[in-house]
Every structure is written in structure tokens, then in C-alpha cells.
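Just one chain follows, in the form predicted on its own, and it is written as C-alpha cells.
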Amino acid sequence: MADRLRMRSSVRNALVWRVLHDAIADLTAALGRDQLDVLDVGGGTGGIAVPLAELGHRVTVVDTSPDSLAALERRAADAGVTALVSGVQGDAANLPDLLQSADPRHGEAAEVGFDLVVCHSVLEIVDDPAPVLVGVAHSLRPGGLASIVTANAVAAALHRAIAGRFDEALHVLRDPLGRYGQSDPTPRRFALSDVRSLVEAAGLTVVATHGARVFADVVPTGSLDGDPQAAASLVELELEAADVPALRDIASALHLIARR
């Protein structure tokens, strides 16, 4: 069972990591240096931060949970990258003030800035996504990139219909927040046009959009059944589908890359 869960997680995250790696390659080439300053908003226990630090980048994680940040510290220590990872407790809606207060250079007129800001699975759970995106934009250096992943309302409607919950699928399409009802654990979902508008209103330019988990969330678990070749084939399919507009638009998650 553990192997099966790891395999499915690898499939689910393959597209996100490919896009991140491409963004990092673009930035390091443009900046002429191998080490980036990265901000991970809502990065929790370091599922993204620690692997990025293992690649040599400096990563600051902002999260509201002290328990998650403690787990981040342990994870970074286990990976031997403590010097490259730091945690800041606070609300994503208050990023600029929060980061400047946490910066040891504060008081010396130093400007806090990052080459890459990662904001994954955050916009759907915050009270208001708009100020979070404004904070993301303000945290970026000119020319920096933001990687934004959020839940797709269209996919939620499709998945509820596949499960035979037609009333809930209809509710998703009619609800401004993209929810299927009061029992829905996700506070908010977005159509691609809506999240793009929010990103652009924050002062960022969307340079790429991808669909993450077009098939991975609807393929029966048994179809993988511990078979590495099946998982590899599904990953290849996901990567190919991510940039096909009709498939991107029904993916479970929308992945946008935006530039300041």
C-alpha cells in the first residue's frame, strides 16, 4: 500500500515539478547564477522547499502553522540543508511586512526580494486570494517568476458527475466559489479565466498555463497496482496533456507561471 501511495503521489506531482524545473532553468540562465532566492508561500513541512534546497537554492517558507514549520526544520536537518532553509510564521495575506520584519537586515534599508515565489494550493484556502497575490508580486524582484497552483472548478464538476453526484456537479458550475455544497472541504476553486484575472490584477504577467492531474485523479488506483511501467506511462501522458488546452482546462489543478 505504501508503494502504491508513493507511486500515485509521484504521478500527481510530476507536472508541477517539471514546470518548476523549467522555470528555474529559465531564471538561472537569465540571471547568470545557479543559486536562486525562493519564497514558498504556505509551504508547510517543506515538500517543495527541501528538494529545492537540495538543488542548492535558498528557500524561505511562510506558513501559519508552527507545527508545520517545526516539521520543516526537522526535514531540512535530515536532508542536510538547514543552512539553506528558513521558516517564517505568519499569514500569506501580509507577505511584504512579514518578510521585511523577519529579514535580519531589517532596519538597514534593505529590500526583501525573491527570484521565484512558489504559491501552491494556497489561493483556494485563504480568506481572500487577491491580497495574497499582491503580496506575491511585491515579494518578487523585477523579472522574477511566480509559480501558482490552484484547484480547478471545472474539474470538480467533472469529478462529481463521474461519481454520479449530478446535483453536486451542477452546484459547482453555479456556485461563484466553485464548491459542490456545504460538505465540500475546499473553500474555493477557480476557472482558469478567473485565476488569470486575479494574477494580472496583482501586477503580474502570465507567461504560461498548464493543467496538472488531467488523468491522475480519475484513473482507478488498481490500474497502477504497483506497476512502475504503468506509472511511468501515466506520467508521460500527464506531461503531454498538460499543454493541450481542452485537457488543461479540465485538469484537477491549474498551474500558472507569471512574471513580475
Ligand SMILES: C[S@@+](CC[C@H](N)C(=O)[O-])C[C@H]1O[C@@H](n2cnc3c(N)ncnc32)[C@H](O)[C@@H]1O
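Here the structure is a predicted model, which means the values were calculated and not measured. Throughout, we count residues from 1 along the sequence that is shown.
One more form of this protein exists, namely the form predicted in complex with the ligand; it is left out here, but the text below deals with it.
The contact with the ligand in the predicted complex, taken as any heavy atom within 4.5 Å, belongs to V126 out of A137, V81, V126, L99. The contact with the ligand in the predicted complex, taken as any heavy atom within 4.5 Å, belongs to D91 out of D91, E168, D184, E73.
Using a 4.5 angstroms threshold between heavy atoms, A151 stays clear of the ligand in the predicted complex.
A residue is said to contact a partner when one of its heavy atoms sits within 4.5 Å of a partner heavy atom; V122 meets this definition for the ligand in the predicted complex. Using a 4.5 angstroms threshold between heavy atoms, T205 stays clear of the ligand in the predicted complex. At a distance threshold of 4.5 angstroms between non-hydrogen atoms, T64 is in contact with the ligand in the predicted complex.
With the ligand left out of view, the stretch that reaches within 4.5 Å of it through heavy atoms in the predicted complex is, among 27-35, 189-197, 209-217, 64-72, 64-72.
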